[in-house]
Each structure stands twice: as C-alpha cells, then as structure tokens.
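Have a look below at one chain only, the form predicted on its own, in structure tokens format.
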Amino acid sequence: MIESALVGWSRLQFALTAGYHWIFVPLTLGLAVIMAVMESIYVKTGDEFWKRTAKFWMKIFAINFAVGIATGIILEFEFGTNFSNYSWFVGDIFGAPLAIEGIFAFFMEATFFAVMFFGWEKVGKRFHLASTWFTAIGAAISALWILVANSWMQNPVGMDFNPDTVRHEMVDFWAVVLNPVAISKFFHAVFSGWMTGSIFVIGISCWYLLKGRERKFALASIRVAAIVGIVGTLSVMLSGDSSGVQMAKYQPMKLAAAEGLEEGGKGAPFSIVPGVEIPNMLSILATHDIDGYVPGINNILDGYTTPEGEVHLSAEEKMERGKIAIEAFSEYRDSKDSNPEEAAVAREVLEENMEYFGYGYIDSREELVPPVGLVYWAFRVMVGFGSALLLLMMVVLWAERRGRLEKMRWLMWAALLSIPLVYLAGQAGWIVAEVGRQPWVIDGLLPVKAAVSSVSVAAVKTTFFLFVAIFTLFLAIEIRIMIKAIKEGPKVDVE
C-alpha cells in the first residue's frame, strides 16, 4: 500500500505511543487481581505473611501504574493533534466512551488506589480489601470504555451521518456499548492482562528461588499467580474464539490476512505455518461449521456471494459507490440553501451509498489489502506464545504443588525468561487488531489518509523522535526502579 509521508509518519507515531502504553496496561490489569487475591487470603486467615506479600506486589503495581498513566494521556491527545479530521468526523461517538473512562473509571481507580497504597494503617482490614478489589475493578472498567471506543472503530454501529454538520452522530448509545466486537475484545484484553501479570510474578518469584532467597514468599506467589494465570489464559482462548467469529463476520479481510488466505471457500484450512495446514479448521474457528464459507483476499476484492445468498460487492464497485456518495454529499452541501429539491435528491443518493462513503477515498484495490506477512506472523506469535505460556504455568504449578520446583532449575529459568515472551504475545495481538484493519481508521467508513490532520511531516517526525526519547526514558526508569525494589526483596520470610 502506497501512502503519503504524512500518513506514514502519523501512523508510525500512533503505533509507537500505543505500543509503549500497552507495555504497562496488561501488567496493571494482572497484578491488580493477584494482589487482591493475596490480600483476601490475609483478611480470611489473619496471617501477616500474606499482608507483607500483598504489599510487596502493590509496590511493583504502583511503579507500573504511575508510568502507564503518562503514556496513556499522550495517546489520547494524538487523536486531536495527528487525526483531527477523524476527531471531527466521529468525535461525538468516539469521545463519549473516552469521557466516561476519564470521569468515572479512572477517577474510581485512582481514588481507591490511594486508599489501597497509603491506607494500610488508616482504615479497617475489610475496607482496605474492598479498596484493593475496587482498584482492580476500576482498572478493568477503564479498559472496558477504551475498548468500547476501539471496537467501534472495528465495527461502527449506533450512529447516523448528518450531512449538515459533516459528522457521524450517536443515535444508539447501547448499541455502541454492547457492540459484540467490544464484548469479545474486553474479555480478551483483560484476561490477557491476567496472563501477563501471572507470568511476571512467576518469573520474578523463580528468580528469588534461583538466588536461594525468599523461599516461602516465592512459592506462595507462584501458587497464586499460576492459578490466576491459568484461569486467565483459558479465558483468553475462549474470548479469542468469539473474536474469531466476530472477525469473520465484520472484518473478513483481516481474517484473510491473518491466515494468508488468498482463495477462500467452504471447509477452509487453518495455516499453522506456510505449507502446514489443518483441513477445515479455519471454517470451524470462523463459523463453527466444518463446511462454513470463509472468503479469501481475492474473493473479497473480486466480490463474492455467500452460500446463504448474501452478495458482497467487488472493490471496484465499492469504490464507485463511494465516489457517488462523496459527489452526492458535495451536491447536497452546494444546493441545500439555493435549491431544496435538488438537495433532497442528492441527500437520498447519499443515504443509499453512505455505507461505501469511505471507499470513495481509495485509489486502487491494492490499498484495501493490509500487510499480509506482518499480520500473518503476528497472529502466530500471539497464539504460539500464549499456548506455550499456558503449558509453562501448568507445569510450574504442578511442580510447586509436588514440591519439585526448586529441583528443576531449567524450569525456573524458563519461567524467568518467559517474561519478555508474554509482552511479545500481547503486542502481537494488537498488531493483528490494528494493522489487520488497514487502510481503515474506522473499518469501511474512513481510511487513515482521510483522517489525518493538516500538519507538516517535519512536525510529526519531530514529535515522533521526541516521544521515542521520552518513552524510552520512562521505560528505563521504570525498569531500574523495579529492579531495585525486586533486589531489595519483600523480606516477608523473616519472622
């Protein structure tokens, strides 16, 4: 796909910001649940060991939470600075869930975080426990509203175009909130955070065991984290199945790219790696039917008809109808005051073709195909690493429960070295989600090249490298502070 320098640099800057932000978010989601479980055990048993254990992981949580906020704030500002056309076109819809996230969810999360972190000796045990759980719930609710906004970009629903204001306006709030893509995406993202937090805790705890330190603390942390992680990863797989069905229904090009599927059909195979396939498996995953029809890239570009008789236009037909919609919109704007009858006709034509409005900005069918190689391999990194990490957590939990973990140094090293892998799996998932829907910023409605701001390429380049420096500094500071806290240790084994 050929794109202008402005579009390319704007996309790259947003990808950089989002990628850095997602380093911090999943650990926040996962650690919040793990430390809440540990504190629940403390409140139930009264054992001070669990209180000290929970407090240590809260310290790690606080370090990660503080740095994550900074990257998230910058990310939201970029919608106005780099994608102002997008913000104007759909700001009434996209801004609503982000506003709710900031006013309600983040406020709730931050308030209870303060009680949780500073209130150990100032409030009762049960109130403090409630604050810890509400911090975890607030983090999940915050993710919910952000994912509602993101999922609307994947599957735009609940809106109507107003040609007088040149904006899409929300007409059904609950259609946006209950978007099936949002529901699947929410559970997939939150439970992947459980997996990230669990692998992190298991890996750091195994480091203590390898160093011969904090044995009781490490084994207890591994036990809790492994259970949370196994539950979370199994839930990721279940929500991933739902996401696959939604992708096949609403974003068939993304699914075709993720599979490198050029020619689709009934009983489509699933590609493990190039040249190795499982017959009929893609149809099962995408349609829950062994003979289900799955279109390939060429089918989507050429146009196809499903076995149920549903007709999908070719790329050229969509582009033509998109240009008709844009021309009708222009005619409506020019004649609405001077010639109401002509304006009414133009508006009717616009409404008939509005579904393809965004295709009017597409110059060739090749633009409609995302980077297949990147999406294909990112999907395999996500699934492959996720499956391997699930197996690892199961083996670690089994070894811990049998009292064999400390004798299996190779397993403890594997757990420690798996920490970067869980982050790679998470980043790969977002590559599939976001790169897989290119060239669209709003799938089928607004291409990225029509959404960017009228700013200079030099300005975007300058801020890009500035963000590289700032975010890298943030990450380095966080890692250094975390390493220092981990080396100091929780000191919970000392009676």
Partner chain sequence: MIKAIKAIYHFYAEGFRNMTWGRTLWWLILLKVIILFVVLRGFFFKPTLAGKSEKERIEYVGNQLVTKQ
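Predicted model only: the values in this text are computed from it and were never measured. Positions refer to the first chain, counted from 1.
From this point on, the text means the form predicted in complex with the partner chain, which you will not see here.
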Would you confirm whether the three residues G30, L234 and A315 all fall within 4.5 Å of the partner chain in the predicted bound form, going by non-hydrogen atoms? no
Heavy atom within 4.5 Å of the partner chain in the predicted bound form: which of E342, E351, E277, E78? E78
Check each of F134, W194, F329, Y293 and return the one that places a heavy atom within 4.5 angstroms of the partner chain in the predicted bound form. F329
Decide whether I69 counts as a contact residue for the partner chain in the predicted bound form under a heavy atom distance cut-off of 4.5 Å. yes
With the partner left out here, check for me: in the predicted bound form, does some heavy atom of Q154 sit within 4.5 Å of the partner chain? no
Although the partner chain is absent from this view, report whether G119 comes within 4.5 Å of it in the predicted bound form, heavy atoms only. yes
With the partner left out of view, is S364 within 4.5 angstroms of the partner chain in the predicted bound form by any non-hydrogen atom? no
Out of the stretches listed (466-474, 435-443, 46-54, 30-38), which one is close to the partner chain in the predicted bound form, meaning heavy atoms within 4.5 Å? 466-474
Suppose contact means any heavy atom within 4.5 Å; which members of 441-464 contact the partner chain in the predicted bound form? L446, K449, A450, V452, S453, S454, V455, T462, T463
